[in-house]
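Given as structure tokens, the chain that follows is alone and in the form predicted on its own.
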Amino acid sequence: MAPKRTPRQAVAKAGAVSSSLSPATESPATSGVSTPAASRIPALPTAADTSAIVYQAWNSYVADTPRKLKLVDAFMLFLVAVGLIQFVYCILVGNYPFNAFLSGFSITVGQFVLAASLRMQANPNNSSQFEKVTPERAFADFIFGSLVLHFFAYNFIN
């Protein structure tokens, strides 16, 4: 049984076989065949392309996103930072009161999910999907969910 080859090895071998054939030894079935799949792989974007894409996305975000949604996005970014700090602290220092770590990290993740839900419901571009939900109702749901989340986390700590 032949050993398994990775796709790169198979492409390299196919390229080596096709390049070893001279025009005189090419069969009619292989003449005019394009190069192996490696030639169809798109080139990676350069740093200039990547920075231009990021710059355009940022300008579009600043110009097109309402101020209320930017505030929710800033809160979500804060929650990600708090979650990372808690996780790194747990790894470096330890998680002695494990209930406290678990409760704090769960609140961070839960608040992020509630904020993402608030952002989706309050976004004017999604008004067709949430016809019966006003932004005020979405915010009230967010507050109620946050209170319930914090109540359970507080009880979990003891």
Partner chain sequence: MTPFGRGIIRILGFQLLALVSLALALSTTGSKLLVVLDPSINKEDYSIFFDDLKDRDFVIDFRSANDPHLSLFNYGERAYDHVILTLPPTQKALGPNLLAKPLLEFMANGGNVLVLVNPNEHALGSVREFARELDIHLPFRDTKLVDHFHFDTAASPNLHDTVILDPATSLVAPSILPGATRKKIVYSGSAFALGNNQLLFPILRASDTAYVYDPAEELLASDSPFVSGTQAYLVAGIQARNNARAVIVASSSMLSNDAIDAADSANRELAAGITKWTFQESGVIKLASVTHKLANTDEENPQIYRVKKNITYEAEISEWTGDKWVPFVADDVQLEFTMLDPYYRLTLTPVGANGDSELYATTFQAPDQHGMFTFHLNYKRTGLSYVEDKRTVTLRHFGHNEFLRSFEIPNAYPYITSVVVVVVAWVLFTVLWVFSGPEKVPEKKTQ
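Numbering follows the first chain given and starts at 1. A quick note: this is a predicted structure, and the numbers were derived from the prediction, not measured.
Separately, the form predicted together with its partner chain exists; it is not shown, and the next lines address it.
- The partner is absent here, but in the predicted complex a heavy atom of 99, alone among 56, 129, 99, 50, sits within 4.5 Å of its partner chain.
- Remark: residue 150 counts among the residues lining its partner chain in the predicted complex, judged by a heavy atom distance of 4.5 Å or less.
- Although the partner is absent here, residue 77 lies well away from its partner chain in the predicted complex, with no heavy atom inside 4.5 Å.
- Interface residue remark: residue 71 is counted as part of the site for its partner chain in the predicted complex, having a heavy atom within 4.5 Å.
- Looking at residue 146, you'd find a heavy atom of it within 4.5 angstroms of its partner chain in the predicted complex.
- Residues of 115-135 that come within 4.5 Å of its partner chain in the predicted complex, judged by any heavy atom, are 118, 122 in sequence order.
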